[in-house]
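So this first bit is one chain, no partners, the form predicted on its own, shown in structure tokens.
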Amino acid sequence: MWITTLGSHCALQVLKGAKDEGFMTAVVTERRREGLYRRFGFIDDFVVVDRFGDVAKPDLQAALRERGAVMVPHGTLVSEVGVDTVEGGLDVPIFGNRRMLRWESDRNLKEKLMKEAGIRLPRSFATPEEMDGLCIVKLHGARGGLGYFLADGPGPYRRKREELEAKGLLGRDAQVFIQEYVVGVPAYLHYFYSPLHRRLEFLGAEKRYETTVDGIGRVPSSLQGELSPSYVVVGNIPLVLRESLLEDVYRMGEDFVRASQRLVPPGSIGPFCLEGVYDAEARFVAFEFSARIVAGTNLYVNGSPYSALTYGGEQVSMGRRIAMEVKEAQASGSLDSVLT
């Protein structure tokens, strides 16, 4: 059996973890990025494509099936290949519940699942006319913050949207999701749910470094009003939570898994992330989730404080944890419980 993934996002971590667990590894890489991945000895084979969407071509899928490859999904599979193709046009085993990727990509479904889990959420608004305070406007899908903007009413919403459309950063027909902007400390919580052990693991936390919103503080306050922040993620910063917050972290994760099992059976498998802020009362307000490994886990190639506590000091990254689950499922004849 081989472990494969698209050459982007967190491929290095995924393939390093797979190699550590004894798997053969292959990367599906765009030609322009091939040189990067050839620098690393833990990658055994290279499937070179002109664009990531080519992974759906019958000959390429056949080549992956010949290897007995398992595809590990991440944000690039969602954004560049698309959930329609992943659900109906990708005949390669995927680690996790591929149906969850649609619920991640559609912000209305995303909100429905989090409400089902009883997780505290910001308010959302169906139209700009309903806005009654500062809101963040988001595109659907996994785009790393591209095209997000702030507005506090219908007029500013229309002006900002027209500006982004003129720059080609937002399609004229693009659907958006309008959500209350909650002031707080950003936190991204990394979970892994094991169907084999029926156990939730909390493996790390981080915050994201975004341009240009995280650089505006360097500009004098008298000039900040002239700037329009953007929210494109360029990196990640480690975060260790107060221990008193951890009980709620585990509770939210377990509630999310149970809700996903009810709405999207068989539910969440493997990694997922709850993404939000801690407000003035240190309450977590979740503005979205990711239903697969997130790039912030790249911080913890050698494990996080929480994975060290869970695994007795072993260096368990999220990429390696995925490989551990596949390896155990293969050994026990339970691959159907972790692959779809």
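For every residue, the number given is its place in the sequence shown, counted from 1. None of the values given here were measured: they were computed from a predicted structure.
The form predicted together with a small molecule is left out here; the points below concern that form.
- Annotation: in the predicted complex, residues 194, 248 and 271 none come within 4.5 Å of the small molecule through any heavy atom.
- Contact annotation: residue 284 falls outside 4.5 Å of the small molecule in the predicted complex, judged by heavy atom distances.
- Among heavy atoms of residue 149, none comes within 4.5 Å of the small molecule in the predicted complex.
- Contact annotation: residue 125 falls outside 4.5 Å of the small molecule in the predicted complex, judged by heavy atom distances.
- Shown alone here, residue 201 lies farther than 4.5 Å from the small molecule in the predicted complex, counting heavy atoms only.
- When you look in the predicted complex, the only residue of 109, 136, 239, 216 with a non-hydrogen atom within 4.5 Å of the small molecule is 136.
- Residue-level contacts in the predicted complex: of 86, 119, 259, 182, one residue has a heavy atom within 4.5 Å of the small molecule, and it is 182.
- Look at 35-43, 286-294, 62-70, 311-319: in the predicted complex, residues with non-hydrogen atoms within 4.5 angstroms of the small molecule sit in 286-294.
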